[in-house]
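One chain comes next, on its own, written out as structure tokens in the form predicted on its own.
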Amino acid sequence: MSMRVLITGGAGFIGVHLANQLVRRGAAVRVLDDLSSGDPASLSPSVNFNRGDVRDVPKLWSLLQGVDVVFHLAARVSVPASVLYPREYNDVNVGGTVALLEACRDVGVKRVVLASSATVYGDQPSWPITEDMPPNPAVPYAVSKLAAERYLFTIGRLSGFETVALRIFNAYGPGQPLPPTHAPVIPLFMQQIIGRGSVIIFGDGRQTRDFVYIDDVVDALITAATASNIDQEVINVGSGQETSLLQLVDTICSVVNAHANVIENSEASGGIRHLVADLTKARQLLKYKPRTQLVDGLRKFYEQDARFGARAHAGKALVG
């Protein structure tokens, strides 16, 4: 793969896996990240890492020289934090996207692949969810991702470069951050179960999600860089499998061989009721076929991530 790429947000969870896989496939990879949440230590030494803000257009002009494809992953990503700080989420997720697209227009980039989010769908009357369902964003993060999509397609169409948005469902895998607040559900539950703590579930635990292993997400992103006939398309990327939070707890327990003390906070909102991907379009346009079942992905996470692993060892989590 002789492709030259820039990954914004490339020191984040998905970005690191993507960058390292692209390097393994022979691509020349540049990364831009402000390190608000990313960790460049997990990147391959072959990656050209640059610290900076995605809203810095002159810096983007420099980094985009000679680049064929841009993967735009830079974003604030916490749904609860977006409720508290909607202005910051608009500044970075929307403003950063517009700045990047301006720079791509100016330099002459051929294609931009946006990592969007399934949260743009919100609650829908039926599921699995198809791309033609009207978005129903319920939180500022989802609004910012939807706005980023619209800017992507509008500026791409006006400026003559190709664009595609992948609506990624609940990605998980080794190296996924576990911040002290607003942590992603899988690493949080795994830590709580292994540590014999209580697992707190908001709502009744029967709300369902589509948990997709990081390797499958990376495969879809890389395919979207070169696939034909996908300009201006929105494509779901998930596992296509529906899992309730209670089922997730049971599966983690079986993987780590531990018991969970589950506390249900039924008075708190459990968020979107059902969020599972219809993958018909991904299969057609990207030849996408998720390879990792949830129990296998959780086992890989448990065994390969040094924070939890059955083969835990001192040092950083294994990534990518």
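In this text the structure is predicted, and so the values were computed from the model without any measurement. Heads up: residue numbers just count along the shown sequence, starting at 1.
Not pictured, yet referred to below: the form predicted together with a small molecule.
Annotated contacts: Asp33, Arg55 and Ser117 all touch the small molecule in the predicted bound form [non-hydrogen atom within 4.5 angstroms]. Among Ile168, Leu248, Ala224, Ala103, the residue placing a heavy atom within 4.5 Å of the small molecule in the predicted bound form is Ile168. Using a 4.5 Å cutoff between non-hydrogen atoms, Met190 does not count as a contact of the small molecule in the predicted bound form. Proximity of Ala11 to the small molecule in the predicted bound form: non-hydrogen atoms within 4.5 Å are present. By the criterion of a heavy atom within 4.5 Å, Pro177 is counted among the residues contacting the small molecule in the predicted bound form. Although the partner is absent here, Val113 lies well away from the small molecule in the predicted bound form, with no heavy atom inside 4.5 Å. Judged by heavy atoms within 4.5 Å of the small molecule in the predicted bound form, the contact stretch among the candidates 240-248, 69-77, 128-136, 199-207 is 69-77.
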